[in-house]
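In the block that follows, a single chain appears as structure tokens, in the form predicted on its own.
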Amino acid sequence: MVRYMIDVDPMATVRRFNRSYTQRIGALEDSFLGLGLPLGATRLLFEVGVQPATVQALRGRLGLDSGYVSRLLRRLEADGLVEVAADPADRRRRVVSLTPIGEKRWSELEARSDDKAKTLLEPLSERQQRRLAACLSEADLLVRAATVTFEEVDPASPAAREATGMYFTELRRRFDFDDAGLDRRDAEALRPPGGVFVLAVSDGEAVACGGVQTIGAGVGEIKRMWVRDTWRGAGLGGRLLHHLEERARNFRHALVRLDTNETLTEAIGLYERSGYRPIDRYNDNPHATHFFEKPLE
């Protein structure tokens, strides 16, 4: 069990950790890990090495503005480390990939990063190492959860379909679920002016989703609410639910309803903690076994 020591002022704790960690990993040096590149360019090189991507995707992953990414890419191109070319599938987009020299530098970056981590861990006992790993894993999840953005998208867009596809896959794993035709039926209802579909995005990737549709005068329904399993425990489900309730208020709904299946115990617990009360069946969803509603102040 991990014991957490928390200052009276959480903000001071975060700031102190930021100062300490950036110093110890070498982020303050002009040449990060002795590779001849500053941290920003090195991190971009790492991302390209993990997976070649469009310039737009790299901006999304790193949360950087287009001008800064362009300057970093010019630096990496000038050093012969990356190549930027038109995407064969869509020549309006530019794809970034490593050159042979870049691949060698990327391997060196990996090796030096491992060495740096080893240097930080070696003075600690095995028990302390496990404790540090658990604490950093928890901190990483919470920091990423705190920086998630909510984006409204067309429910038929590729990003929305990918998220709902993962949601349906989980439902099929949990119970006998048939999603035939659901995308088509939901798409129109989850579009303005009577509905909305929301993605929770982290580092350019959808990690949760949900929507609101109008089912009656002053009554909204929350649909397709899902959080990726690796993100559970960080409070993202509660934040998304609150955001969807706010969107329902914007539609002037006084009441919001939702349904779920009995196997989704985590969702049922979330709804109960969030003030939803059980009601009788209000729709013909064959997969739903539990029905809830909540007045919106």
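For clarity, a rigid core is taken as the largest C-alpha set superposing within 1.5 Å between two forms. One-based numbering along the sequence shown. It should be emphasised that the depicted structure is a prediction, and the values quoted were computed from it without experimental measurement.
The same protein also exists as the form predicted in complex with the DNA; that form is not shown, yet it is the one meant from here on.
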{"query": "Val84, heavy atom within 4.5 angstroms of the DNA in the predicted bound form", "finding": "yes"}
{"query": "Partner proximity in the predicted bound form: Thr263 to the DNA, non-hydrogen atom cutoff 4.5 Å", "finding": "no"}
{"query": "The DNA contact in the predicted bound form: Asp65, any heavy atom under 4.5 Å", "finding": "yes"}
{"query": "Distance check, Gln56 to the DNA in the predicted bound form, heavy atom within 4.5 Å", "finding": "yes"}
{"query": "Residue stretch of 136-144, 211-219, 158-166, 84-92 approaching the DNA in the predicted bound form, non-hydrogen atom distance within 4.5 Å", "finding": "84-92"}
{"query": "Single option in Lys104, Arg130, Arg174, Arg71 placed near the DNA in the predicted bound form, where near means a heavy atom within 4.5 Å", "finding": "Arg71"}
{"query": "Interface residue in the predicted bound form among Gly233, Pro38, Gly238, Pro52, criterion: non-hydrogen atom within 4.5 angstroms of the DNA", "finding": "Pro38"}
{"query": "Residues within stretch 249-263 having a non-hydrogen atom within 4.5 Å of the DNA in the predicted bound form", "finding": "none"}
{"query": "Core-superposed comparison between the shown form and the other one, Leu44 Cα displacement 2 Å or beyond", "finding": "yes"}
{"query": "C-alpha of Thr54 moved at least 2 Å between the shown form and the other one on rigid core", "finding": "yes"}
{"query": "C-alpha of Leu255 off by 2 Å or more between the shown form and the other one on rigid core", "finding": "no"}
